[in-house]
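The chain below stands alone, shown as structure tokens; this is the form predicted on its own.
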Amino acid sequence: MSNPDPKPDPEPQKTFNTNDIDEEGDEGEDENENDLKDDEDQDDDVFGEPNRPKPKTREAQYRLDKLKMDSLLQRMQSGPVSVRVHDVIIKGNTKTKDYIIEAETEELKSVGSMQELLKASQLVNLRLQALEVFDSVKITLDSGPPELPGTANVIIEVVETASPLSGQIGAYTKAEARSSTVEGSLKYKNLLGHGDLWDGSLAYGYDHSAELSTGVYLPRLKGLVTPVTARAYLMSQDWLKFSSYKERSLGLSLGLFSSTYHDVAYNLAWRTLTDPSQMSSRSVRRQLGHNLLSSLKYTFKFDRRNSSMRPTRGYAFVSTTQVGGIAPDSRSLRFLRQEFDLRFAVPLGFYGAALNFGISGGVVFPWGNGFLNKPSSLPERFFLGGNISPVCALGGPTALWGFKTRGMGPTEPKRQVNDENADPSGVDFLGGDLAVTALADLSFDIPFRWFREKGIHAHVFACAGNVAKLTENEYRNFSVQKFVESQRSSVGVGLVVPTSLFRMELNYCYILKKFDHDRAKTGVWLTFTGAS
């Protein structure tokens, strides 16, 4: 094959041709060739007609195939073996549409060497298995037509799933919900033959939250290059204990664009805030009732850490921008919300020790006429605290070790009622428009073999954070010095048990700084956190 580059190539690529492999051989292969001739002579004796084609014995065919493969491997070791894909043949997909598989094999058409073809085939195999609609995927490389030397055919054989219906149940901790939940789900695969995954799920949280949802995932539709997701949900959350209100949402979320680093989603929901206790503070009562959430959310994320459960090297960054008020409706919540999270993990080189540093922040602000005098939406504010580990909670300011759910930040006294049993010191946690947290975590192996084999290790940690109100002209009273001086902080030591589903921590936390109404304690804490 001619080289399109006019410059001379000091190491020209060799052309892949199965016929050439039969003829090529090294001096060290003379013994194998003599063995083949001996087998042919034996065949002449058996059939007695040396001029007609004779079937080869299995041993002779095996030696011939091995000779071809050894020759090809030697050529690949010495340099690139030029080859291009002539055709991709798909077999076994009785229900799955061809374009679903073809979309995952586009990379095969651009290879220029046998080495590139092998790598691309492995990647295609992984992508097809990731669709979750095949029980097995087998890729075979074969020579192309004899009249087209230097070509290869790729044969993809798939076995569609024999059990399209599956289910699971488990316990999880979600950073965005600041709570632990028990979830059950059912999934049906490839209902329409487009690689579609249908699922329904039911989740119940220990904080009396509940969610019922159903959705569909389409890996690729014709004309679209990214997956499409749609999900309808009914969600209820009970915040009476912390902020004297209950939240119920009926909505639809659409995944508009998704790639390795970028995600764009649209959310439309009818939200209702109620106070069955009738004891909410004035700020909470002002936000009770119905409103429409119509928001567009963009997330940029890259994670170069070697593990999300126990990162010992690498870095990660997440930025989330959300714009509310897309729908032209007076009841539509109008807000701008920005979050970021930056993490670094540095190995220390002894006992598996590593230092983890992290800083996260977020701000939310209403927009529209007179936005400086308006309060931000209560559910969109930042609330710090919760039964999760800050090491795994990647996405924005969430928790501090030793602080309970919604356990810090601006507060306001609840409504006073003529009830002797009422708590006169009760307050509502209102959250903040600005939040910043920072953490440092030193993890290291325990010097016992059994602990190391199970991945159980120890850690020493410290964290700090704060939230503040900026809306309703409170930004005029804000100062960086005051914000830093009023931050909360804690330190501690603990034992970490990582699993494939969650990270469990048994910690002793010591509160360095808190304020009167903060819900924090010095003592033993047990946390369960899912992967971020």
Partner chain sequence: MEQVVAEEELTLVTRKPYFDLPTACPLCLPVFIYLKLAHFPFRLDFNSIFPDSDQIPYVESGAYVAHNNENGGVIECLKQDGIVDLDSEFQSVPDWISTKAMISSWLADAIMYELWVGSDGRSACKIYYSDLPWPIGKVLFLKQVYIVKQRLGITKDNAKQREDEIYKRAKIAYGALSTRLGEQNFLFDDRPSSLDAAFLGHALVTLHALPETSVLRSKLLEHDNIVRCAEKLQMELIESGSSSSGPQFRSVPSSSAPRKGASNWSSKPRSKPKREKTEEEKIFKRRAKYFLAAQLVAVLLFLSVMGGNDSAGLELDDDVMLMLMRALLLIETISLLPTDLGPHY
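Numbering follows the first chain given and starts at 1. Quick caveat, the model's predicted, so the values are computed rather than measured.
Keep in mind the form predicted in complex with the partner chain is missing from the figure; the text below concerns it.
Comment: the partner chain is not present in this chain, but in the predicted bound form one of 332, 143, 236, 308 has a heavy atom within 4.5 Å of it, namely 332. Checking 274, 185, 258, 115 against the partner chain in the predicted bound form, a heavy atom within 4.5 Å turns up for just one residue: 274. Among heavy atoms of residue 136, none comes within 4.5 Å of the partner chain in the predicted bound form.
When contacts are judged by a 4.5 Å heavy atom cut-off, residue 347 does not count as touching the partner chain in the predicted bound form. When contacts are judged by a 4.5 Å heavy atom cut-off, residue 270 counts as touching the partner chain in the predicted bound form. In the predicted bound form, no heavy atom of residue 149 sits within 4.5 Å of the partner chain. Stretch-level contact check against the partner chain in the predicted bound form with heavy atoms at 4.5 Å: of 92-100, 290-298, 188-196, 377-385, the positive one is 290-298.
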